[in-house]
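Okay, so we've got a single protein chain in two different forms coming up as C-alpha cells, structure 1 first and structure 2 after it.
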Structure 1
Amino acid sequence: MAKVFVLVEHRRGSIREATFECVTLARELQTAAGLEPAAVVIGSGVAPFAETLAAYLPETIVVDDPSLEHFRFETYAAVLRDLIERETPLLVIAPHSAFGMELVPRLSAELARPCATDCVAVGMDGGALAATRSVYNGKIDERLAFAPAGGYFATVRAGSYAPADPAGTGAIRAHACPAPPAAWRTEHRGYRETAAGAVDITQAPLLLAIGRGIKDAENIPKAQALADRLGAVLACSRPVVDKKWLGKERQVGTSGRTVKPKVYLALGISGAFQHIAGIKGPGVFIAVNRDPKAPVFRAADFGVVEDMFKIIDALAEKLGAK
C-alpha cells in the first residue's frame, strides 16, 4: 500500500510540536486515501525520538548516524534521496518551518517530485492529492493539484492541524545512513540566541501588541504610554522589530516569543500565521484593524474594525478620566 512519510523535526534534544500536527494530517490521509503513515526520524542518538513516534504512528523509520547530529540540508537530503528512492512513498510531509523550508523545496526539485509549500490543508480531490494554500496575506485560498509524478511533497503551515495524541504502539525499523560524499560544502557551527533582552513579554497578563499599522517610529511612544496606563506590557509583530522600532524580545510569533496572556490586545496587526502561532493559552484575543477582511479576525475572539489611533486615543481618555 502507498505510504505517507512524516519527517520528524527535532532540535537540541526535543521533538518540535509541529511534527505532531503533521502526524494528524498523516492519520487523516490514512482514513481518506488509505495511505500507510510512517514517521522518519533522522539524527544522531535519536532512538528516544523513535520510541516517542512509535506511540503515534504504525511505523517509524530511524536513520541514526553521528554525521547527522545537527540538521543540514546536505546530510539530510542525502539520507532522504536514498530512503525515498527505495521506499517510494506517495507523499512526504514536513512542517513549513525553518527546517521544512530549508530541506523540502530543493529536495523536491532534485527528485522531480512536486511540492506544495505552506499548505493549510492536504486531502483528496477526485481521486488525486490536492493542497490548499492561503495566499495574498490570507485573503485568498488557492487549491493546487500536482502534475503526475512518482510521488509528492507538502509542507504544512503551523496551526493548520491540531497536534495528535498518542495512539497504539508502532514498529521501529532502522535504515542505514548512505555513504557520505568526498566532501560536504556546508558546516554547522552552532546556535545563537537573538531574542534576549530586559523585557519579558511571556509572563505578562495583559499584552498590548502593535503591528505595521503603527506606521511610524514617532507613534511608538504613544503606544508605550497607553501600555503603561493600562498596566500592559508592549509587544509587537515582526515588521516593528525589523524596522528596529522595538527590540526583538518584544516580538510575538514563530521567530519571536510564544505568549499566553490573559488578554492580548492587537492593534494594526494583519494576522499572519507566523504571528498568530505565537499566541497560546486560554486568554482572550481582541483585534483592532481598519480592514474588515484582515485575517486576524479569523483568529481573534473580539474584533473592532476601526482606525487603531482612534482606539488608542479613546482608551487613553477613558483611563485618564478614571
Structure 2
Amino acid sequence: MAKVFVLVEHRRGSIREATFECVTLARELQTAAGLEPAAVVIGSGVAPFAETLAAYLPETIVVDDPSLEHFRFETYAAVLRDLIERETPLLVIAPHSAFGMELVPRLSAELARPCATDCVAVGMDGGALAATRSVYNGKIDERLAFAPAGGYFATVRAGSYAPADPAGTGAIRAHACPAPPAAWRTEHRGYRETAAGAVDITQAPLLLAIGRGIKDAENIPKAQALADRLGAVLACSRPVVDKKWLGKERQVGTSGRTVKPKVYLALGISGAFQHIAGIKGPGVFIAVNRDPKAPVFRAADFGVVEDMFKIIDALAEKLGAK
C-alpha cells in the first residue's frame, strides 16, 4: 500500500500544533485514497514524541541520534533521503513553516519529486493527487495537478485543517540514522525570544485588533479608547507594526503572536493567511471590513461589511463613551 509521510515539527520539547493539522490531512488521504499514513519523528531524545504520535497514526517512524539534536538541513535531509529511498512514500507532507520550507523544496529538487508549497488542501482528483493554494491575498483559490512522478512533496498552510484528536494506538518503528556529514554548513546558535513588551495579547480573553484600515496613527487612540471601554486588549496586524504605529508585542500572526481569545474583534483587517494563522480557535470571531470579498470573512463567525470608523463610533455611542 502506498504511504503518506507526515514530517513532525517539534521545538524545545513540544510538538508544534501544525503537525497535528497535517495528521488530519493524512487521515483524510487514507480514507479517500487508501494511503497508509505514518509520522516521521527526527531528533535526539525524541522517544516521547514518538509515543505521542503513536496515538494519532497507525505507524510512527523515529530516527533518534545525538547528531540530530538541533535542526539542520544537512542532517535532517540525509535522514529523509535515506528513508524516502527505502520506503518510497507516494506523498510527504510538512507544515508550511520555516521547518517545512527549509526541508521540502530542497529535497524536492534533490530527489526530482514534484512539490507544492503553502497548500490549503491536498486531495485526489480523478485518481491523481492535486493541491489547492490560496493566491491574491486569499481572494482566489487555485487547483493544481501534480505532474506524473513516483512521489510528491507538499507543505500545508497552518489553519487549513483542524488539529487531529487521538485515534488509537499505533506502532513505533526505529530507523537507523545515516552517517552525518563530515562538516556542517550551518550552526545552531540558540533560540531568541521576542520581548514580552507592555502587554501580553496571548492571555487576553477579548482582543480588539486593527489593521491597515486604521489609515493613520492619529486614529489609533480612538481604537484604544473603544478597547478600554470594552475591557479588551488592543492588538493589530503586521502593516500597523511595520509602520511603527504599535509595538510588535501587539501583532497577531505567523510573524507575531498566536492568540486564543474568547472574542476576537477584527477592524479593518483584510485577513491575509499570515494573520489568520495566528488565531487559534477563538470563541467568537467578528470581522468588520468595507470589502465584502475580504478573506477575513472566511474565517469569521460574524461579519459586517462597513467602514470600521462607523462601527467604532456606533459602539462608542452604545457604550456611552464621550
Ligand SMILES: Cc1cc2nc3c(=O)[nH]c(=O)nc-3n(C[C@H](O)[C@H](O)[C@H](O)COP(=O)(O)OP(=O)(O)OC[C@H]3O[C@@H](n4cnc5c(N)ncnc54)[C@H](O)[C@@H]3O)c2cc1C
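Numbering runs along the sequence of structure 1, starting at 1. Quick caveat: nothing in here was measured; it's all calculated off a predicted structure. Take the two forms, superpose them, and find the largest set of C-alpha atoms that agree within 1.5 Å; that set is the rigid core.
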Where's the form predicted alone, in 1 or in 2?
-> 2
For Ile214, decide whether the Cα shift between structures 1 and 2 is 2 Å or greater, given a superposition on the rigid core.
-> yes
Would the C-alpha of Val23 be classed as shifted by 2 Å or more between structures 1 and 2 after rigid-core alignment?
-> no
Displaced residue check between structures 1 and 2: Pro205, CA, 2 Å or over, core reference | yes
After superposing on the core, C-alpha shift for Ala225 between structures 1 and 2 in angstrom = 5.8
